[in-house]
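Taking the form predicted alone, here's one chain by itself in C-alpha cells.
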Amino acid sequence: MPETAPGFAVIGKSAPMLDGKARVSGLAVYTADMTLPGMLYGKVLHSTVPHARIVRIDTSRAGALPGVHAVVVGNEFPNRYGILPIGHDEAAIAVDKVRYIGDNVAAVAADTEAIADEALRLVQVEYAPLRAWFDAEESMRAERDLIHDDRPHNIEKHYSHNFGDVDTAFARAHLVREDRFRCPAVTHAAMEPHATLAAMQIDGGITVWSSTQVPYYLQRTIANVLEMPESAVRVIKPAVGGGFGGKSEVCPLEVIAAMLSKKCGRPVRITYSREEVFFTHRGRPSQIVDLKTGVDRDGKILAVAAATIQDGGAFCGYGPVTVLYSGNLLAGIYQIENLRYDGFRVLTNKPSCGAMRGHGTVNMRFAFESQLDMIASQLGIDPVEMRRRNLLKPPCFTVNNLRVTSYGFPECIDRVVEASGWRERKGKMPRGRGLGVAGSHYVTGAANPINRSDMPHSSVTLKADRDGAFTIYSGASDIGQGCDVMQVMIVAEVLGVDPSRVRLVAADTGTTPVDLGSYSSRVTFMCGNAAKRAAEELKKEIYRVSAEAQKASGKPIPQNFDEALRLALEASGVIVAHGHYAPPEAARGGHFKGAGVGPSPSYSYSAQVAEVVVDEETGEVRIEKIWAAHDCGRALNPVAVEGQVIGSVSMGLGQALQEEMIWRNGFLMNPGLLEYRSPASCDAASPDIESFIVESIDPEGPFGAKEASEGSLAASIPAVANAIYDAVGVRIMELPLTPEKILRALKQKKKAAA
C-alpha cells in the first residue's frame, strides 16, 4: 500500500495512536491508577448461592467497624436499569433475590481495602433457596421458581422470522443438510479489570471516572439509579486497557461506586479482582445452533432454516441484540432468498452474557461456514468455488432488507486463495496437514440507536484557536482501536493542515457532545463522518469570516488557508463548527419484529485460509499460518487496520482451540487468567498471520471507510475447523476444537470403517 492514498495528504498514511507513547512507557492513566484526596476503597459482597430470595441482611456490625464510612444494600437504590430500553431488569445490588453466584448483595466503603474486606465478612445474609436453572434447554421448560417472574419459561426473547418460501425451496433442493453445533461461553479476558472512581461534588453533582466504552449510557444510568438529573452526572473515560464489548454495558460496580460516594460524600474507587471480572462476565453466550441448508446441484443456496438457543444468564443485557444479530445477519454475506430463523434468548442462573467482539455473529458463522464445507464435500465442489457461486450482487437489499452498499468479499477470497497457494496445494498435502477457508462479515454500526432516539448517533464540535491549532470535542471512546487518531487524521485532511496542529478532547460528558459509544464497530463510520462534516463546516466558516473581514477592512485577500484563518480569528476571536451523523432512512431495515437489529449503514467482509497440522496420535492441532483479507472500505490508517485484523484473528483462534468458561452447578471453575486459557504468544493458537487490506471504498463512509475491528474474527474459527477436516477427515461440531474431541472423532471414524 502507498504511504498515503492517492489524492490525500494524511488519509492512508499509517499513524500511531495519540496515547501510544504513554501506553508503552507506563505513563497512561487508567481508572485503577487514579486517586483523589480523601478517597475511600469500595468492595462488593457477592452471593454464594445461585438462586434464592433474600430473607434478611444485617449490616450493623460492618457499619460499626472503625474505618468504614458507608454500607449500602439494594433497597436503598432499587431503580432498575439495562443497556436496552426493553430490558430494564437489573439492579446494581440485588433487591429481592439473588440470581447467580456472584450477584451483588451489599457494598462498603472504607479507609483501606483490608478494612473493607473485613467489613464484608461481618455482613450477615439469610437466603431462602430457590430451584436454580443452569441448562438453557432445561430452563425453557421452567414452570416455577422463575428467574424473573414476568418471563414465562425463563425465555427472555423469542424471535421468529420467515422470508421467502422456505418450505417450497427445501422441497426442490437437490441436497438438504441438517446439523447441530455447540459453542460454550467465552469471555473477553481484557488485561485491565473493571474499575470506577466516583466523587460527589460540593455543588451536589457527581463525577465518575470509569473504564467504559459507553460514557453517555453510564451517565444516564447513574442519573436514573441515584435519582439525579443527568446534568448533575459527569462521566469521564480515562485510558482503557481493553474492552472488546465487556465494557459496553453499564457494569454494576460503576453504579455501586456512585451509590457509596453519594451516601458518604467522599470519593470512592472500586477495582474488581480478576475473579470478580469473570463473574461479571458479559461475554459471548453459550449457544446451540441447529442449521438446515438446501442447495441445488451446482451448490447454489436455495433455503436456510436456522434455530439457536442462547444461554443468556440472569439478565437481559444485550440479549435481544445478540440473538437477532445471529439470525438477521445470516443474509448479509451470501445470496439467500429463502430464510427462516428462530432465536431464543434463555435466562439461566449464571452471570449475564452480553456483547463480545463480533457480537452475535461468531457462533453462527462457525456453524454456517462449517456446513458450507460439508455440502461442498458432498457435491464434490471446491469450498472456494462453493462460496463464489453464492455471492451477493451489490448494491442490493437482502431478503430481510439489509442494504449492502460496498462488497469486497470476492476480492478478499481472491487474495487469500492466491497467497495461500490454495489451487496448487488443496487436497495435495500429506495426511495430517490441511487447508480450510471461511468467510465472515460485520456491521459498521447499528443503523438504529439502542436508546430509541432520533438524536444524532455521533456529534463533533470543532474549534479554531488563536494559536493556529484546532480542537476536536468528541464523545467517542477510544478503547484501543485508535478512533482518537482517526478523528485527528480526518480533520487534518479536510483542513489541509499537519495533524500535529489538531488537538482532541474526548469521552467526557461534561465537555463533549453526545456519542453513543464504542460498540458494533460504529465509531469510524459515524464519528468519522461527524468529524469530517465539522471540519468541512469550519473550513467554510473560516473563509466566510475572512472574506467579510477583508471586505470590511480592505486588507489583502488571503492567499492561503493559514492567512484566511489568521484574518478570521482577528475578526471573530474564535470560530466553532459542528458536525453530526445519523444513518440514512434507507439503511434502517424493514418493519417486522426485530427488524431494527442488523441493519447498518455498511458491512465489512473478510475471507481467511488456515493451514493446520494435526497429530493423529495426540489430537494436537498446530496452526501453521492464517491468511486474512479484510474489506474495510478505505483504510484511513493502515497500521491500525492491520492491527485490528490481526487482533481479531488471534481472538478467534483462541475461541477455536482452547477458550471456554467451565461451569459446575452455577459456579465458574476457571475464573482467572491461569485457568481460562486465552492465547499467549507461545501457543498453537498464535501462528503467523498474514493480513491483506481490501479497499472497496464505501460510498457513504468517511473518505470511503467502514468497519475494521470485528469482522475478521468470525472467519478464523470455521477456517480452522475446515482445515482440521481437510487434514484428518473428521468434523468437530462443538467448540473448542480440543485434542480430546479430535481423538474421539478419529476413534469413531476408525470404528465406523471397520
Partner chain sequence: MRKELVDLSINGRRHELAVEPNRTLLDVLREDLRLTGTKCGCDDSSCGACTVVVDGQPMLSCLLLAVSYQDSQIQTIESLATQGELGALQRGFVQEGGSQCGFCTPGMVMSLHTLLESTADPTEEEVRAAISGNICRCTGYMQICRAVRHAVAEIREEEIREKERLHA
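In this text, all values refer to a predicted model and were calculated from it rather than measured experimentally. Numbering follows the first chain given and starts at 1.
Unshown form predicted together with the partner chain; subsequent notes refer to it.
K.L.:
Answer yes or no: in the predicted bound form, does the partner chain come within 4.5 Å of a heavy atom in every one of Phe244, Ile479 and Ser678?
P.N.:
All of them do, each having a heavy atom within 4.5 Å of the partner.
K.L.:
Can you pick out, from Val323, Met356, Ala447, Ala331, the residue that has a heavy atom within 4.5 Å of the partner chain in the predicted bound form?
P.N.:
Of the candidates Val323, Met356, Ala447, Ala331, Met356 is the one lying within 4.5 Å of the partner chain in the predicted bound form.
K.L.:
Only one of Ala571, Ala547, Ile646, Leu391 has a non-hydrogen atom within 4.5 angstroms of the partner chain in the predicted bound form; which is it?
P.N.:
Going through each option in turn, the one that passes is Ile646.
K.L.:
Residues in which of 479-487, 249-257, 382-390, 359-367 have heavy atoms within 4.5 Å of the partner chain in the predicted bound form?
P.N.:
Stretch with heavy atoms near the partner: 479-487.
K.L.:
Applying a 4.5 Å heavy atom distance criterion, does Ile689 contact the partner chain in the predicted bound form?
P.N.:
Close contact exists here: in the predicted bound form, Ile689 approaches the partner chain to within 4.5 Å, heavy atoms only.
K.L.:
Examine Pro193 and determine whether its closest non-hydrogen atom to the partner chain in the predicted bound form is within 4.5 angstroms.
P.N.:
Close contact exists here: in the predicted bound form, Pro193 approaches the partner chain to within 4.5 Å, heavy atoms only.
K.L.:
Any of the heavy atoms of Gly26 lying within 4.5 Å of the partner chain in the predicted bound form?
P.N.:
Residue-level check for Gly26: yes, a contact with the partner chain.
K.L.:
Can you tell me if Glu659 lies within 4.5 angstroms of the partner chain in the predicted bound form, counting non-hydrogen atoms only?
P.N.:
Yes, Glu659 sits close enough to the partner chain in the predicted bound form that at least one of its heavy atoms falls within 4.5 Å.
K.L.:
What residues, if any, in 17-37 have a non-hydrogen atom within 4.5 angstroms of the partner chain in the predicted bound form?
P.N.:
The stretch 17-37, when checked against the partner chain in the predicted bound form, contributes Met17, Gly20, Lys21, Arg23, Val24, Ser25, Gly26, Ala28, Tyr30, Ala32, Asp33, Met34, Thr35 at the 4.5 Å heavy-atom cut-off.
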